[in-house]
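Take a look at this one chain, the form predicted alone, written out in structure tokens.
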Amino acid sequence: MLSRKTKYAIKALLALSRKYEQGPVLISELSEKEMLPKKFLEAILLDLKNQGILGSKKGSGGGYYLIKAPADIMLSSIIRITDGPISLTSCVSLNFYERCDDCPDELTCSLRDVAKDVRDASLNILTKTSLQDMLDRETKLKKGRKKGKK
């Protein structure tokens, strides 16, 4: 399950993607438009900045902006920055591996084997889905919704 922090990060990044190369966006504007708590959003945006996804500008005309194109920011990266491991168990995590204390033999653990399959399937989608893909899906869904109302 995605944490609230990750959901907020994705919402904020999608909003910034819509304004890509149009200049910085104020936290207060993001907070209000996306209905996100300002203090929590500040911490999330700082994490994303520290991880090289966002840049910021201080002063008049300041705010946050994407330093990479939306097509180059994958959901897997965002999730790892905000939540850490993508896997269900730490023993199958690619970037945050830890041996399970209660597992006598990783090689014959059926739970680990299933968790690995879930991780692989999730990563197959998340590493191929960018913020631009999300924007494209949003546009497609909105068009589909309008057609259904006619």
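None of these values were measured; they are calculated from a predicted model. When you see a residue number, it is the position in the sequence shown, counting from 1.
In what follows, reference is made to the form predicted together with the DNA, a form of this protein that is not presented.
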| query | finding |
| --- | --- |
| Contact residue in the predicted complex, from Lys68, Arg112, Arg119, Lys49 (heavy atom within 4.5 Å of the DNA) | Lys49 |
| The DNA contact in the predicted complex: Lys146, any heavy atom under 4.5 Å | no |
| Gly59 within 4.5 Å of the DNA in the predicted complex, heavy atoms | yes |
| Contact of Val92 with the DNA in the predicted complex (heavy atom, 4.5 Å) | no |
| Contact of Ile27 with the DNA in the predicted complex (heavy atom, 4.5 Å) | yes |
| In the predicted complex: members of 1 to 36 within 4.5 Å of the DNA, any heavy atom | Ser3, Arg4, Lys5, Tyr8, Val25, Leu26, Ile27 |
